[in-house]
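Presented below, as structure tokens, is a lone chain in the form predicted alone.
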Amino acid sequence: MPRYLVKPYMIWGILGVGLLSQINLMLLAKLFSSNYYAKGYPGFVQLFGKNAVRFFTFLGLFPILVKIDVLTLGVGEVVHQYIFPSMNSNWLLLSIFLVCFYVAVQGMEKTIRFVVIVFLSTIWMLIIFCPFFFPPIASLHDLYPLIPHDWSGISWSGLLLVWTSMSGPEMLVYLAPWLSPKQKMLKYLTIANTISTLEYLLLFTAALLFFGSNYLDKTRFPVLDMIRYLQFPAYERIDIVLISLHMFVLVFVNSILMLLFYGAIRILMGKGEEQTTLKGFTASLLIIFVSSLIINQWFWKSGGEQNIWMNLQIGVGAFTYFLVPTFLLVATKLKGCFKA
């Protein structure tokens, strides 16, 4: 993310997007007060009707598939470059999908609980960026100017990337049957949004202090390149450890999305209320895996095409994060008005 923001005044951009995200989360928390979403698939049928649910489900397959493919290929590219440069990237993809399959096949409830392991495995990483805030690496002059000279210099695509990075909570609407109805959802969403905003601020500020705004966009993975400059007496390649632990995040997100993809396929086939099967989940996973292989083999290695997929993911993620809570809240309110 830092290489797409570059200018120091984008610090205010991250804070602004964090505030907008909080408004979106307040809409999302409002949705959870409705009984429709706690029922899961029957609740959506009650709200929209069976045919409309199948239509929306068909539309939802595309963003889920794009998100899984781009996340897997993006993180897989980092692992391939920094840890296994001589390994065939297709085998690397297969390894990632097998781990995700193992987690997802445990069921939605256990996969959701896996987030605790993910949080404890990764949150402490922020501490290692503290040395970049102190001399001799840091220079406060790299944080100027904090006020933009004109609006044309603002990276709107960078702000859109930050908004997309905040996306994901809209998926909680479809996980409501597995969440406790007594939970104070807005409180937990606010804590998560605050942590994410502070994390992006910390990483961006550290990258500015280390590279400076003139050189920040010259490196492809600035955060990882910064880590390689850290010196530890016991182990030199700390980046390998951190990338490996960061894979927990990818496995968790992919596993949840794979289960949602399988659920969407079942609804399209008219089996939304029937029991899930291992055979059906494996078949849906094969669809995702084959799509990832096709993109990786023919559309990902060239820089131009890769940017197309990244931009597609940014646009789709930003769109769904904005649209889903607003659309569902309006639909719920209208349904309530009709009842009255």
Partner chain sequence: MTNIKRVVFVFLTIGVVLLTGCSPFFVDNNTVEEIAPVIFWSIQDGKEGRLRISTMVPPLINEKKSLLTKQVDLLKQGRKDFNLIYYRELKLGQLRMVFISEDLARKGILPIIDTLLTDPDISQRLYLVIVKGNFEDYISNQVVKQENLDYFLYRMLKHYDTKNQGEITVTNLHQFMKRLYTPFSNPILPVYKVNKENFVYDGTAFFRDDRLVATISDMNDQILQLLDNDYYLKLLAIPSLMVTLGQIHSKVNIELVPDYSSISIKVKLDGRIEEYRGDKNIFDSDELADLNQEIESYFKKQTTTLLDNMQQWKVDPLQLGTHSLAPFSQPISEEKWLSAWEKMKINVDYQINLQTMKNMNR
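Since the model is a prediction, treat every value here as computed from it, not as a measurement. Numbering follows the first chain given and starts at 1.
This next part talks about the form predicted together with its partner chain, which is not shown.
In the predicted complex, its partner chain lies within 4.5 Å of some heavy atom of Q81. Taking the partner from the other structure, its partner chain in the predicted complex has a heavy atom within 4.5 Å of a heavy atom of E236. Contact check for L209: a non-hydrogen atom falls within 4.5 Å of its partner chain in the predicted complex.
The closest non-hydrogen atom of P145 lies within 4.5 Å of its partner chain in the predicted complex. The partner is not drawn, yet in the predicted complex one stretch among 160 to 168, 224 to 232, 67 to 75, 259 to 267 has residues with heavy atoms inside 4.5 Å of its partner chain: 224 to 232. For the candidate set I128, V173, I240, I154, a heavy atom within 4.5 Å of its partner chain in the predicted complex is found for exactly one residue, namely I240.
A138 is the sole member of A138, V249, V99, V105 with a non-hydrogen atom lying within 4.5 angstroms of its partner chain in the predicted complex. For the three residues N35, F133 and K187, a heavy atom within 4.5 Å of its partner chain turns up in the predicted complex in no case. Along 83 to 112, a non-hydrogen atom within 4.5 Å of its partner chain in the predicted complex is carried by I83, F84, S86, M87, W91, in order along the sequence.
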